[in-house]
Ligand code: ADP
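Here we start with a single chain on its own, the form predicted on its own, put down as structure tokens.
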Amino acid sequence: MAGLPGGLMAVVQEHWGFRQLRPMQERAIAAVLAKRDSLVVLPTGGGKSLCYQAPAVYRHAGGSKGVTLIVSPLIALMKDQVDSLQRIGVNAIGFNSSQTASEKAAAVQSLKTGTAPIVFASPERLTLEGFTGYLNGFGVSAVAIDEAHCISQWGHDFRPEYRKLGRLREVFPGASIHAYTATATETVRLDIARQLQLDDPEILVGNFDRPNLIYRVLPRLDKTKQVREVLDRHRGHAAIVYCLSRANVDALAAQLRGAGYHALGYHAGMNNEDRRSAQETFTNAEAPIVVATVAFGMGIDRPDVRCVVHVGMPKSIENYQQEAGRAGRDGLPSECVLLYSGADKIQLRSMIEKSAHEAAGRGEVVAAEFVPACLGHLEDMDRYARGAVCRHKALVQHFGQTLDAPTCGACDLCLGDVTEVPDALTVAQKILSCVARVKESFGVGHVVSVLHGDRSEAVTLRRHDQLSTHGLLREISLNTLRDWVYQLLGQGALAQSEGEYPVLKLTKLSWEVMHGRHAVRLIELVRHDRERPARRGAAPTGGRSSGTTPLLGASYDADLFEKLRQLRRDLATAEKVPAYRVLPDSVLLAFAASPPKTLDAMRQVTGVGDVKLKAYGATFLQAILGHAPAAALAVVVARKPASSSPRDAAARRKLAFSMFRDATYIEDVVQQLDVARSTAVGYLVEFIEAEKPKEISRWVRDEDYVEIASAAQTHGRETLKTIYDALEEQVTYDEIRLVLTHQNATR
């Protein structure tokens, strides 16, 4: 391997079980071994920790003296990393305020005997002259600063204690300095290098795209229902749900527990013991759900989180990238859902300004640029949430990179989860006209009530039921109407007054829209089959009895996988460690996809090092050899690049027809063929036209079929919207299209 000593890969394979390094890891490790300062930006799951851990272990194995000091921001994260290293045969130690006297004595003894190549410490501890002087006595060859973005006031997670790390250059003059972070724009990168006084650093910036993540930004309509829908797609797997406030955390966690979910709450308002218990339960349990504020997460090293849900917009794209990035750190497909409302921007802006005002009131120095910078981050995040660009493409562009694929096949826009309102300008004009008719004196709720045609006391007492705008949008649900108002607020086509009871105000842009001189964009959710009530006796949408999400882009024995997970769970319980510390999901799936027959074959699986093989190899091999293969393999599909090849399209169409002959659900076709839902529906329309099936109850419920056919006879078949309006949105456009196609085909 160019630039790296041959023995390094032997160390990596022995302890971590990797047969090769990623290109960026090679360059980062080479910088450490060459004692050249570096700044490494790799997304969560990109393998940052190996960049500073592997050189330290390699040097120690070769007899080099000196330790690598790792600066870690949280005690929980420090303890987690120390434990992880010790379980793969690396004697790492840490110094923190939670240690007992015996634990501290053991750490000191490891330093004195030279058996510990890696030492963890917090930024606060490094401000103690006695501690840094003590470490210098053992020789510090390299300093690695984890979560280095915390040192920059322009970053998303600035921590004052990190500012003092600039003195490390003087404290450890013989050591190279290395900064690592998952999220940093060019401005933040330059600030990190300046604050840490990096000397001609090797600056390495990895690819910010996380192809295994599915990003969705959906209008927040019924948050509890929407959160449950996401969690249900990932039954049996770990999940994090982020809320904006402590009150929201407590309420949502209670609602989920009441509905039978194993949900824990976590926020800064809880006492230390409750927070510690929640974090340990999440870390150690097989699949709990944590509902939390952003106070939760940095200390979590769990790789098998399958979904992260934000019930509200984060303060910046950097925050979102880091928080959402806690999903799928093992590289397996996972889902990140942001439930967005235009109200989030208003609430967060108020929180930022209030926080700065209170800090100034306490006599703290707040840089003049700080609040504008925070509001700029907020504007970027809001623009992302409202955007019409592929989510993967938008995220990497924010960090100065590009994504060339025409479609990612792994976000709400590319998957067809949301759609643009076709007559958005007309809808916006009706909303703005209503604001004008109520004389810009009422809030969102009242304006929505008037547009919806409500005759509540608040509306009739003011004679607003007599306005020309009363009931103009009565066919639209209240939740959707409210969301559209907030979308207009986000685009500047409406404004809100300050104060406890904000009212809607027209802006200069409002009049441009009302006169048709400025276009607006409104989006709404596309209703999927899975949102419809299930037919009696029908299998769950998705076709998998477990209800879980796809995990691997290949065939695997699902029964064997579950058997190995149970074995892992039992071993973890006996050892009192998190299950993923035994072996990660990626390894178990590899075993289930191609069951090894010998320990040597097992050792060839990425993630199985010598230490893990010795500890668990025989136990798992016995389970694999004693398993009777399933009659049929579970086939799951991870994201693949979209293809425009006619041959591929023809093959997919042919396979879709075959699946429809077997009465396969639309959503299963979407997942197994890796196509947009609109494409799958198109295939089904062609299938119905070509093969004229006697009935289509697999895709449209019989009662809905009857209602659609009746409405078509009464109101005509010229437009789908006529039938859709007549049935008061109780069916989807896709269902109408399928029924009309079937009627035409079978006449």
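We number the residues from 1 along the sequence you see. The model shown is predicted, which means the values in this text are computed figures rather than measured ones.
There is another form of the same protein, the form predicted together with adenosine-5'-diphosphate; it is not shown, and what comes next is about it.
Asker: At the 4.5 Å heavy atom threshold, is residue 652 in contact with adenosine-5'-diphosphate in the predicted complex?
Answerer: Residue 652: no contact with adenosine-5'-diphosphate in the predicted complex.
Asker: Quick one: is residue 48 in contact with adenosine-5'-diphosphate in the predicted complex, heavy atoms, 4.5 Å cut-off?
Answerer: Yes, residue 48 is a contact residue.
Asker: Please tell me whether any heavy atom belonging to residue 329 falls inside 4.5 Å of a heavy atom of adenosine-5'-diphosphate, as the geometry stands in the predicted complex.
Answerer: So residue 329 counts as contacting adenosine-5'-diphosphate.
Asker: Give a yes or no for residue 197: in the predicted complex, does one of its heavy atoms lie within 4.5 Å of a heavy atom belonging to adenosine-5'-diphosphate?
Answerer: Output for residue 197 is no: heavy atoms all beyond 4.5 Å of adenosine-5'-diphosphate.
Asker: Pick from 701 to 709, 679 to 687, 57 to 65, 40 to 48: which stretch has a heavy atom within 4.5 Å of adenosine-5'-diphosphate in the predicted complex?
Answerer: It is the stretch 40 to 48.
Asker: Which of 460, 426, 606, 91 has a heavy atom within 4.5 Å of adenosine-5'-diphosphate in the predicted complex?
Answerer: It is 606 that has a heavy atom within 4.5 Å of the partner.
Asker: Sort through 731, 11, 738, 21 and report the residue having a heavy atom within 4.5 Å of adenosine-5'-diphosphate in the predicted complex.
Answerer: Spelling it out, the residue with a heavy atom inside the cut-off is 21.
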